[in-house]
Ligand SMILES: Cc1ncc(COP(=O)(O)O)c(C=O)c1O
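Encoded as structure tokens, the following chain is the form predicted alone, with no partner shown.
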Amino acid sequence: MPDSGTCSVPADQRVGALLHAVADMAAEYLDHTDDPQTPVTLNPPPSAVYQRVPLVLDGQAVALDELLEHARELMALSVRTGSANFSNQLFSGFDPIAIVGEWIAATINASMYTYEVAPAMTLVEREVIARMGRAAGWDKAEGLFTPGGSLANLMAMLLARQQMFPDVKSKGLGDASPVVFASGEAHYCIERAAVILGLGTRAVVQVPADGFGRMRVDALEHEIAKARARGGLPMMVVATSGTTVLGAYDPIDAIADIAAREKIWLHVDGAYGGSALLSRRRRPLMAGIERADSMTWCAHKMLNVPLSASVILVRQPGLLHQCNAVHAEYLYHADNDAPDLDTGEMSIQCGRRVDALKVWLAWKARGDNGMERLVERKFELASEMRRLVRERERFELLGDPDPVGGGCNTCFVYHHPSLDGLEPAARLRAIDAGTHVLRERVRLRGRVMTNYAPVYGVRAFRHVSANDKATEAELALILDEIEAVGQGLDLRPLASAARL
């Protein structure tokens, strides 16, 4: 009798059958995800998940067929982020060849710290980094894949600190007061990085943005002067290419002028919008990127690659090693195969996944022209979404980026009929609170999933054109759903909300 935790089928047959079964299950899931009639989410409460899947690890082994059914249930209970009706986050869609890359990476299970352990994948990563660097205008860029854009931005702050304080690794910061400047629309991870580095959130100065969500260059100059006057040491300025809410692009070239004059590290957080570099039409949004010192770029956002596929790019080779190396002799041997290709001491991680493979495969499959079409399609969909909003009388577009050349986000509010006649302040309070009410009702219906965010002090719907397969009908469905859930509602009592 075999042990209750094993299977009597020969291992070679069992693995093949298992992988074929999972491939069929994944294909079925993606086929349904591609069907616009499939709900984006079932919105299961925790109790429903526990009821449908025995999640508790009670020590008992489960038969393989039963386990696969549990996996199928878990997939069905998950949000279909690849759906064209999912516009809730800064990513959507899927690339089948990139998914294959994810599977292969898990199968070989390499760790990206030494060439000795990951010879082929080290070279794959180097080639992807080199190609992304060339897109930024850097012929000799170096870089690494990181588990998310937040960690890439953290590494950029480490680099800026290392440049300003060369002895920081051994002596620490002492009484120094470095200051980081970022737009008020920058991602929250900039403040979190300052916390992790021991600088504190007060070290991050939020520079005001203009009406389109772009950093104001005059305000940056003013804030740098203020920081110096109070004894601070301007260390780093973060320009955002594709802000989280409005999708705005900060003016890198003008910011670079100031950074060069003030001798401050210039980092571009292009986690979301960096892929504009691959479109000849959209590349001007990032004019000046070649002057930056570092850049974050997430291929899992605009390029349809599975999470996560984030990169920290550095214009000057050697700085990552200088910043992070601590010389672990037990792992990094001088007589390793090609020790100059080891990447472990360039990273703040030790074990690191093979995230580059899925990007390499996707890029090989599409080529430069295919990547350009993919990116361009998303910008086109954003313009189409904004057109649809403008055409509907009761919808109002906020921060319209089209006149200045903007990103792939569309922010808008809905003027519910019940609010007609309210005085302006009360109407604004009701719109703010009503956005939350309407969005939750839309989400619970499950047909579409889109988010909301504060824009100019009021909560607004935020649509992200991240799925290149979306059609005009699917874009319009979001507006239809908002109108549908609002029928029969009276939002006037929300005018007394005190949030604003």
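This structure is a prediction, so every number in the text was calculated from the model and none was measured. Position 1 is the first residue in the sequence shown; the rest follow in order.
Here the subject shifts to the form predicted in complex with the ligand, a form of this protein not shown in this document.
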Interface segment, criterion being heavy atoms within 4.5 Å of the ligand in the predicted bound form, picked from 265 to 273, 418 to 426, 194 to 202, 107 to 115: 265 to 273
Contact flag, residue 189 vs the ligand in the predicted bound form, heavy atom cut 4.5 Å: yes
Exercise: residue 401 in contact with the ligand in the predicted bound form, heavy atom 4.5 Å: no
The ligand contact at residue 347 in the predicted bound form, heavy atom, 4.5 Å: no
Residue contact check: residue 87 to the ligand in the predicted bound form, 4.5 Å heavy atom: no
Whether 242, 298 and 310 all lie within 4.5 angstroms of the ligand in the predicted bound form by heavy atom: yes
Listed residue (232, 288, 137, 148) with a non-hydrogen atom within 4.5 angstroms of the ligand in the predicted bound form: 148
Interface residues of 152 to 183 toward the ligand, as seen in the predicted bound form [heavy atoms, 4.5 Å]: 153
